[in-house]
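So this first bit is one chain, no partners, the form predicted alone, shown in C-alpha cells.
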Amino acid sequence: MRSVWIPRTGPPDVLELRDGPEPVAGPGQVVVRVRASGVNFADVSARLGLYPDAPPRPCVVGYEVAGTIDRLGAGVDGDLAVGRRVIALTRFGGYAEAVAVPVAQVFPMPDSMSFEEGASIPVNYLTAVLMLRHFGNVRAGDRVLVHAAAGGVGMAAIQLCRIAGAEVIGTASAAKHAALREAGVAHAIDYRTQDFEQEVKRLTGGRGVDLVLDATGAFRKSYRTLAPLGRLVCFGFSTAVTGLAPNRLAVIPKLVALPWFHPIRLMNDNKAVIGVNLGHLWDRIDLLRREMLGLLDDYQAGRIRPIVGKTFPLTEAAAAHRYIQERQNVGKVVLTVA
C-alpha cells in the first residue's frame, strides 16, 4: 500500500511516497480503500511544522477520505458491508491507498455523489456548520463576512448562508470574484487592493455585519467590522504561513500582534469572539456524526453541492500543497487514487 509521508518540515517537495503494509481492521473498525482524500490547509501547516495537533514526524496526514469498504473488523455489522461506498473522518492517515477507521466515523455515501465530492464534505462543511449554526446562529437577513471565501470552507459557508437566507460579503483576490458571485456572494472584496474594513462599512451603511468567519488572522480588523450583537468566529491563522518553506522567525511578530479581547470590552461592545477547531472535537463524534448525516441529507435534497476546485493524483501531493499555498484554489483540493 502506498501513502504520502511528511518525513521532516520543509517545502512541498519533502513529501515522500512510500510503500508499506496494508492496514488491519481492529474491533469496531473498517478498512476503507481510498479513492479520494481531501487536502486542507492544516495539512500544509503540519508539513511546515506550524500545526501542533499533527502527529510526530514522520507521519501521514489527511483528515477525510472517500472510497469503498475493503475489510470489516470484529463487531461491525449493519449497513457497512464490503464494497459499500463511504465517506470517513480519518484523524490523520488519509493520504494513503487504504486506511482503518472506527465505524462511528464512517458514513454511507449517496449514490449520486462522486468520490471527489465525498472527500470534500467532512472538514469544510462540518467547520462551516459549527461556525454558522452552532455558534453563529445565522438566520435570514443576517450579513456575513467570509474571509478566504473562495477556499473550501468559504464555499461551504456560502452555501449554508444561502440555505439560511443570509447575505454574504466575501474577501478573495480579484481573479476569484466571478466564481464567488456565481456561488451566491452578494459583494466581493479584493483583499489585496481594498481595505475590507472600509468596504464593509461602506456596503452596510456604517452598521457592520452580524457575523465574521476569519481563518486569516485579521482578527482585530474583523472585530471592528461587527455590528452590535455581532459574532467573530476565528478558525485559522493562514497569514502565519509566509512561504513554501518553514520560516518560524516570520511567524513570531504575527503571533505577538494578535489581539486580546478583554471581557469588559466585549460586554460594552455587545460583541462575541468565538474559536472553532474541528480537530479538537474527536470526543464529540456523536455531534459530528449527527451533523454529517444532516449534511448528507442536504446534499441529497440539492441544498449543498461541494465545489471540487482541482484534483491531483496521490503521487502528486506536493503539487497539491503548492497549489494551496500559492492561494490558487477555488473550492476544495482533492487527491485521487486510481
Ligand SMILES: NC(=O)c1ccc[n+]([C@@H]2O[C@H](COP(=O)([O-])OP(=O)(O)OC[C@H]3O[C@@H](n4cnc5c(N)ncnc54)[C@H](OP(=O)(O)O)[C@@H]3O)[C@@H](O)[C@H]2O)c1
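One-based numbering along the sequence shown. In this text the structure is predicted, and so the values were computed from the model without any measurement.
Beyond what is shown, the protein has a form predicted together with the named molecule; the following relates to that form.
- With the named molecule left out of view, the stretch that reaches within 4.5 Å of it through heavy atoms in the predicted bound form is, among 66-74, 37-45, 301-309, 288-296, 37-45.
- No member of the trio 143, 204 and 224 reaches the named molecule in the predicted bound form with any non-hydrogen atom inside 4.5 Å.
- None of the heavy atoms of residue 231 is located within 4.5 Å of the named molecule in the predicted bound form.
- Proximity of residue 208 to the named molecule in the predicted bound form: non-hydrogen atoms within 4.5 Å are absent; the residue sits far from the partner.
- Contact check for residue 127: a non-hydrogen atom falls within 4.5 Å of the named molecule in the predicted bound form.
- Under a 4.5 angstroms non-hydrogen atom cutoff, the named molecule in the predicted bound form lacks residue 314 among its neighbouring residues.
- 191 is the sole member of 219, 191, 92, 135 with a non-hydrogen atom lying within 4.5 angstroms of the named molecule in the predicted bound form.
- Contact with the named molecule in the predicted bound form, defined as a heavy atom within 4.5 Å, holds for exactly one of 215, 169, 158, 86, namely 215.
- In the predicted bound form, the named molecule lies within 4.5 angstroms of at least one heavy atom of each of the following residues of 228-249: 235, 236, 237, 238, 239, 241, in sequence order.
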